[in-house]
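Take a look at this single chain, the form predicted alone, given in structure tokens.
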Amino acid sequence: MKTLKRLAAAVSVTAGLAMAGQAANAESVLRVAMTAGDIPIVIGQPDQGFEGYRFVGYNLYDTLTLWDLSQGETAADIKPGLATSWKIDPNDNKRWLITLREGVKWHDGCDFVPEDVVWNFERISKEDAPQFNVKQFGMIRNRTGNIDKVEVLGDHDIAIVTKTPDALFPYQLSYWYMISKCRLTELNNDYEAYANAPSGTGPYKFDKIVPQERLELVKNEGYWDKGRVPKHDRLVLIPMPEATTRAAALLSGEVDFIEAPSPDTIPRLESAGMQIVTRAYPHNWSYQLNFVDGNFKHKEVRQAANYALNRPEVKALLNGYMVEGYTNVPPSTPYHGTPSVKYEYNPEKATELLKSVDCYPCKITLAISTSGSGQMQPLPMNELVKSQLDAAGFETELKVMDWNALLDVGRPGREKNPDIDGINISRALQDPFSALIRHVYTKQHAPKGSNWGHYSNPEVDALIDEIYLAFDPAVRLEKLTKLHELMVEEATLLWVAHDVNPRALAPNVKGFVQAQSWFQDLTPIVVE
């Protein structure tokens, strides 16, 4: 009965999509079912977690540096975007000299000029600027908070000056979306009006939005990167948080591409001729811990939780669609190193560690979501983790909430929710800052940064300071490796799985290459 109800819901949810498809018969249309609970906002930095960045931000807008998503054999790295080159000023290690791409136009027809970068910086940093948006400021400040100023040097050149030296800064530029000064100014800096007519420089243009149902983008024929002009006419993005609904929508022909099918539906999808695409990529399903208020302030309790987990059992739950997570980054990562401990399943050792700090049974509360961006299969996975923790001596309470509610727990940090000991927000590990630094640097304590649980360790902070000064890649790699090894030894997270992100595509969808990246390029897709 439960399955029938879910399928009935799927039919209801996708009824409108069928109408969209019929209306667009003359077009080539790619319809994507996202795991997001709602349509991400379109005013620059998206919400709905990083899935908003993947599907809305990266298609509607551009950043100064982009990700090379053209192949899936090796992990993606950054490449030129709206900036064609960048280098540190040889006389000032806080000043990045950047050359901007010539000939780029906004979707509204205006030219992309250096002053646009200055204006975009002020919109997320200068409170008295007419274009300042406090929500956008909060959503990107962990990436742009180290920018002191942006200077125009010429027709196509700028300098970005950071407050402190930052050898990793070019990576941060890949998350900062540029929006059109022309369009927002024309709308008197009214972001509600702009949300109905956003303008970027990306490979797709905004067409229309049906609240809580779908966002429709169309091909940008004039995109500056001719190799990424979409090979379909229209991209329809649909929020569909329930995995069964997504699978039903694909089977019924209402959508062409779904994120994260549940493992138990994959055989049914394959038997119906659907393509299953999967590949390891830098993304963790783990728990960020509270290092101040509760029992995870003890290293022994953190290590005990990691020893208590039977990860092969979690992998079996997912029919093999994960890599067991014993460390923060997958072993193939250049800075994985050789941590001195490995948290293989050992419940006896977990119990011993809990008793060593008089925490037995050891009460913990974990905040989890019912669905969400990159959350894999959160409910069954969390239930299994809870049972494994409790078997070793924990007394675990799961606080279940929707995705945006969990993000609201995550952004302000542990101070707003001291009763919560851990949050299950999956994390992309695209770059060294995202993978390592933001979780453990004292200067990244939330709400300013992403160190939710306020981990603080002078040895770790000193090492990170050295990383930011390491403009020599070889020296930087050595220090990043040491940092990762320290994080594992300190059990700074509760690690469960490295995601392999299965996707399911209809048989007539061709040309998709799954990159080893959180971001994916939809532009090469042909819908036959």
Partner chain sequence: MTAYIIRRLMYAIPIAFGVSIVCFALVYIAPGDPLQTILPEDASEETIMMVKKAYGFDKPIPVQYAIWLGKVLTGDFGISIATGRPVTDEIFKALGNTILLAAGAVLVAFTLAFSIGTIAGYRVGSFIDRAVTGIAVIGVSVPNYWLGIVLVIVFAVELNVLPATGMGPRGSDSFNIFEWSNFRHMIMPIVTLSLIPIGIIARTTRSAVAEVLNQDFVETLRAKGLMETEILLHVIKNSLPQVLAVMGLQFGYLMGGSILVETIFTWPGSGFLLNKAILTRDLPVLQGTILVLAIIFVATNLVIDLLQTAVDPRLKRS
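Positions refer to the first chain, counted from 1. Bear in mind the structure is a predicted one, so any value in this text is a computation, not a measurement. Rigid core: the largest C-alpha set superposing within 1.5 Å between the two forms.
Below, we turn to the form predicted together with its partner chain, even though it does not appear here.
- This chain is displayed without its partner chain, yet in the model of the complex the stretch 32-40 from 470-478, 456-464, 32-40, 58-66 comes within 4.5 Å of it by heavy atoms.
- Out of the listed residues Glu102, Asp89, Glu73, Glu127, Glu127 is the one that sits within 4.5 Å of its partner chain in the model of the complex by at least one heavy atom.
- Checking Pro380, Pro80, Pro165, Pro447 for any heavy atom within 4.5 Å of its partner chain in the model of the complex turns up a single hit: Pro447.
- The candidate spot formed by Asp47, Gly138 and Leu407 lies fully in contact with its partner chain in the model of the complex, as each residue has a heavy atom within 4.5 Å of it.
- Heavy atoms of Glu192 reach within 4.5 Å of its partner chain in the model of the complex, making it an interface residue.
- In the model of the complex, its partner chain stays beyond 4.5 Å of every heavy atom belonging to His107.
- Within 4.5 Å of some heavy atom of its partner chain in the model of the complex lies at least one heavy atom of Arg411.
- Of the heavy atoms in Ala248, some are within 4.5 Å of its partner chain in the model of the complex.
- For the stretch 142-176, the set of residues having any non-hydrogen atom within 4.5 angstroms of its partner chain in the model of the complex comprises only Asn142.
- Taking the rigid core as fixed, one finds a CA shift for Ile437 of 2 Å or more between the shown form and the other one.
- Relative to the superposed core, Asn404 undergoes a C-alpha shift of no less than 2 Å between the shown form and the other one.
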